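Given next, in structure tokens, is a single chain: the form predicted on its own.
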Amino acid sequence: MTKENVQGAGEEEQQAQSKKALKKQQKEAEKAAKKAEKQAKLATEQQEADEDDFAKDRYGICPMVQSQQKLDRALVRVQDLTPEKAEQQIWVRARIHTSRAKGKQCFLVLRHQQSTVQALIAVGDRASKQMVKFAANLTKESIIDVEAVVKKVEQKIESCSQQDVELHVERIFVISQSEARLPLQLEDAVRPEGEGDEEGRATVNQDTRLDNRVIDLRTTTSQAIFRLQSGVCQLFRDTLINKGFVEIQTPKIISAASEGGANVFTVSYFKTSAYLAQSPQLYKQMCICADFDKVFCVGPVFRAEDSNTHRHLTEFVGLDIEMAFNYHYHEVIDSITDTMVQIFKGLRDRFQTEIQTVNKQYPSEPFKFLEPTLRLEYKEGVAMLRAAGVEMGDEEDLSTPNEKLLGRLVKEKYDTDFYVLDKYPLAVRPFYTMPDPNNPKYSNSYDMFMRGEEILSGAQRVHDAQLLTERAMHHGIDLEKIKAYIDSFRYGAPPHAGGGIGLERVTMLYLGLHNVRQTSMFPRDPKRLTP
């Protein structure tokens, strides 16, 4: 090919390319013109609509609340919307749970915490068709303020908690808009497992829930679980304060592993290392030696156990008790079991709504307990298990399956979900456990169980420095590391006992749930460190 030919071919190609570019430019210009025309048309329509829209001041998106003004406006809570408020004009703030447009009207279900109510916006003298359209297009989970008249309904609204009333909306303003795509649907998150499988409706798995915990905590079930859990804490505190206990706060950064075990988190502490406390054990006991007599504390406890089970967390809330007694550690068992009974009664009497809400999604038998609490000796428990065909030694610790089986046997025989197992073998308890004076193979220690799972482990503590030293050496513990602890008992120490309860476990077992992550607000386990 000659040089001229090559040049000619190159020019042709350039011309073809410039034609293409020209065509593309023309197309884009046409597209832009069409878009501008469409926007202008929409703006005109909007202007006309605004001119025709007599209700345009009765709805809209509020500017961000930056505390610009103090409105003298009382907001009524959804849970307080009862037939007594019929015909009253009120303001409510809630989330949009669901919305359904139907002709010239729109039905909304408004939700606040555990309560829901139906709201109706219909074209009429208070609402224009633009206002109805605005309401119908609002995204689920947006927070709105509505002014409405409370109306009694003839037929109960089964899908809402407030079944006897609905709201006839006259004004609606968006306070905070939710993004349209939710990471999970709340109705899926409260669906009982197995329900809706035939229709192919979804349920939400645990990881999706925990990855999007803020949304999951909005469900009526989660709201109920954590309100009841707050009740457990309050009842624990109130009962113990009434019994003359003092609440204490103990350090969580400590110089030696509190239980003397290997399951501790090590943290760097300036030029040395420290540990996260596995329990407030040593400090509770120091307070008893300091004459506080009866103490309790509520706080985080850390366990570096690589356990991925339904009932283990690496961080949980410990409800800890320690008290001096006069002559027998059963004085302490009686005090702790009575505290638990007061908690169970308080939950039963004050949290029925929450219990029923959780039961809708996770059905379970009501929790049963006896007064006074059933107390069995470890030997009796072993005998019951052997009678049921379990082979185990006298000094063997209970495995989780055997604990559960014993729970079922106790329920069948005594009809209680809560009991104490006393006098554990000394070999399976920590070094600071007081040996049984009548049988050195056993100890003055006890566990408490709910629905066949351990919720408290406790014992009379060794309060004599000499015996404590011997027991620590027997367990192979470095005495230098627990020197401050042993020294606490050198200057006169009253006999004392105590125990630690896991808050999340108590909540889980009281409600008959099957995973402790459901009762931990932001759970930590070996595989989860967020959110």
Partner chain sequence: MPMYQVKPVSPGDIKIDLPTCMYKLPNIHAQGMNCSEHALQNGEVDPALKALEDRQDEVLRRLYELKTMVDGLTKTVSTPDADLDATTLSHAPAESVFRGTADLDSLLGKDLGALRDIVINANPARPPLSLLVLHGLLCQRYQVLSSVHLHSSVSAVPSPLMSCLGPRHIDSYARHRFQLGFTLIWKDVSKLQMKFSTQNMCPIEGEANVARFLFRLLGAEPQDPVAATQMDSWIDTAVFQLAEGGNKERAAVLRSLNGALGRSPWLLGQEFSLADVVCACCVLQAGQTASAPANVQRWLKSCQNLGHFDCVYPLLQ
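Positions refer to the first chain, counted from 1. Please read these numbers as outputs of a predicted model, since none were measured by experiment.
In what follows, reference is made to the form predicted together with the partner chain, a form of this protein that is not presented.
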Checklist entry - Just one stretch in 201 to 209, 220 to 228, 324 to 332, 246 to 254 has heavy atoms within 4.5 Å of the partner chain in the predicted bound form, so which one is it? => result 324 to 332
Checklist entry - Is there a non-hydrogen atom of F367 within 4.5 angstroms of a non-hydrogen atom of the partner chain in the predicted bound form? => result yes
Next on the checklist: Taking any heavy atom pair closer than or equal to 4.5 Å as contact, tell me whether P440 reaches the partner chain in the predicted bound form.
Outcome noted: no
Item to check | 4.5 angstroms heavy atom contact with the partner chain in the predicted bound form for T373 | outcome: yes
Checklist entry - Within a 4.5 Å heavy atom cut-off, is R73 in contact with the partner chain in the predicted bound form? => result no
Item to check | Sole residue of E412, E84, D291, D125 within 4.5 Å of the partner chain in the predicted bound form, by heavy atom | outcome: E412
Checklist entry - Which one, A388, L184, M392, L120, lies within 4.5 Å of the partner chain in the predicted bound form by heavy atoms? => result A388
Item to check | Sequence-ordered residues of 376 to 405 touching the partner chain in the predicted bound form, heavy atom within 4.5 Å | outcome: L376, E377, K379, E380, A383, A387, A388
